[in-house]
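Consider the single chain below, provided in structure tokens and representing the form predicted on its own.
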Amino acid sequence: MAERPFIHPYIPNSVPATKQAMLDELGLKSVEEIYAEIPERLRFKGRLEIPAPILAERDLERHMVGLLGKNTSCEEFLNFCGAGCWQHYVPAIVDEVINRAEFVSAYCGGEYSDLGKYQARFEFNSQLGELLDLDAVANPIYDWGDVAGRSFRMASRITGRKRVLYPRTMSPMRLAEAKTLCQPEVMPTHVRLEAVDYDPATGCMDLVDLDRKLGDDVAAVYLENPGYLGFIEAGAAEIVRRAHARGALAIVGVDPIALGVLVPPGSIGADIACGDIQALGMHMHAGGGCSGFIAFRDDDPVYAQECPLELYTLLETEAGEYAVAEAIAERTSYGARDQGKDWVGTASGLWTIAAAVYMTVMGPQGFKELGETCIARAHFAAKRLAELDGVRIRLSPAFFKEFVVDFAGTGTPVAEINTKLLEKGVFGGKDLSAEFPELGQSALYCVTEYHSQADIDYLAFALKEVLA
């Protein structure tokens, strides 16, 4: 029995004959040969601290419940941390619809077999396009940082230029993703990213520095509104105008939930918009629940041709009816394989349906009221915190739902403050001291419609005790 090979009860590839057949098909002798391209310095040495295979379903369930029980969630604690994944209220109808079997169980089918899912995605694209005031929306993928990088590459292909300007206040995580997509020097698709400084008083882009760096080799100018640090970019329309004056495209990164109160990207002349739909009906899922979109104007067919993601549209059938189908699929990696402009996946298709339900339920008036509520509660919270000794609010007086709180005057590091807040059942703001050292001991706090006055009062109370 000891020499009998281990076969897992619900992992079919553990069957030795199956594994060997796959290796034979690939012309390999062992699984290790698959990993030959990975440098030794990047390989993990040793054994992972994981249990032996758990064979019984009940034992596996107990093990997983135990692991999950170690977490502390935002259901138990008050959460004031945003920084790219935000806590908004998700109407019950959103969860009800996306958990229906026809949506949650099917990965992806053809237009002829997956009718409900394709139509729901088309409705999502139409709704988000109206919200952004842009002509076309592609099927989302991954998150904001990913689509920012893809938008930069898209702009480079359209213009034939190789430099993109971005605000120095851009989320470092988003920037890291974009650089990964844009900056491998050996690739012909290399795009050089260059930061534009910001006004230390407001956080808004420094237009003098923008003019200094704008040149005939700039493919696009990227701006975010609201910015990563919460401020509303007052000069957004002027940035777009200056980009166009030098033959560059204008890309606007946006949190779409803010568009009930902010001017949409298309209305200020943006060529491309990108961002994350996480706020539109998605719970925070410990790293999941994000979904990045790309939208663009369609007065020139080059935009659709150079967009790497899937596009859905309505087509009239021979019978005079209408059907939802994928448009110009041959330009994607599904149609062109390794010759595709970018790799394409369907990693977040379910979230598009959640967002479609959310936008349907909210409607224009709902978005307006939601935006006003976020602004009012965030500013109320900022006012309460600014009343504490040694605490002040940094950057623009105009912000949407996030704002920078400077604790330098308290003499207490943000990391220590956040540790003590946890003891009081509060997730504090995102520590910015490493990302933006010029802001000192500052944290990015997030307040949305999810937070009541009692929640904000308790935050102020807890901080007062922590700083005492």
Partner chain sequence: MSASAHGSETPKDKVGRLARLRREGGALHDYRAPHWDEPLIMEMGTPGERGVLVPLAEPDVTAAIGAAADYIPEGMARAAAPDLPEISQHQALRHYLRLSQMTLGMDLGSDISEGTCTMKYSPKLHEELIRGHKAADLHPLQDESTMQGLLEIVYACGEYLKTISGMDAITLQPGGGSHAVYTNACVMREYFAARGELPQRNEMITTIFSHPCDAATPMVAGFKVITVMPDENGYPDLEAVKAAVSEKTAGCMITNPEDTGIYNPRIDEYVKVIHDAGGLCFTDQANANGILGVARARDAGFDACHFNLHKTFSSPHGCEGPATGAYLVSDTLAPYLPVPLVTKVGENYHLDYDRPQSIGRVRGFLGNWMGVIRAYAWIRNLGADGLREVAEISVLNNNYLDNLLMAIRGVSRPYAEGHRRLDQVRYSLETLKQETGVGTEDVRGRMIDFGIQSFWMSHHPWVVPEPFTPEPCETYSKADLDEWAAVIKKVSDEAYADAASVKSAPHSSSIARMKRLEALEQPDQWAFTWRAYQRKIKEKR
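Here the rigid core means the biggest group of C-alpha atoms that line up within 1.5 Å when the two forms are laid on top of each other. Numbering follows the first chain given and starts at 1. It should be emphasised that the depicted structure is a prediction, and the values quoted were computed from it without experimental measurement.
Keep in mind that the form predicted together with its partner chain is not shown, yet the notes after this line are about it.
Screening I375, I158, L385, M170 for any heavy atom within 4.5 Å of its partner chain in the predicted bound form leaves a single hit, I375.
A heavy atom within 4.5 Å of its partner chain in the predicted bound form is found for one listed residue only; from A120, V221, I272, V254, this is A120. Contact check for F293: no non-hydrogen atom falls within 4.5 Å of its partner chain in the predicted bound form.
Although the partner is absent from this view, M64 contacts its partner chain in the predicted bound form, with a non-hydrogen atom inside 4.5 angstroms. When contacts are judged by a 4.5 Å heavy atom cut-off, D211 does not count as touching its partner chain in the predicted bound form. Interface residue remark: D206 is not counted as part of the site for its partner chain in the predicted bound form, having no heavy atom within 4.5 Å. For the three marked residues, A248, A250 and A443, no heavy atom of any sits within 4.5 Å of its partner chain in the predicted bound form.
Partner contacts here mean any heavy atom within 4.5 Å of its partner chain in the predicted bound form, and among 212-220, 192-200, 228-236, 160-168 they occur only in 228-236. In the predicted bound form, its partner chain lies within 4.5 angstroms of at least one heavy atom of each of the following residues of 326-340: E326, A327, I328, E330, S333, Y334, G335, R337, D338, G340, in sequence order.
Relative to the superposed core, Q365 undergoes a C-alpha shift smaller than 2 Å between this form and the one not shown.
In the core-superposed comparison between this form and the one not shown, the C-alpha atom of A434 has shifted by less than 2 angstroms.
Comparing the forms between this form and the one not shown, the C-alpha position of G320 differs by 2 angstroms or more, with the core used for superposition.
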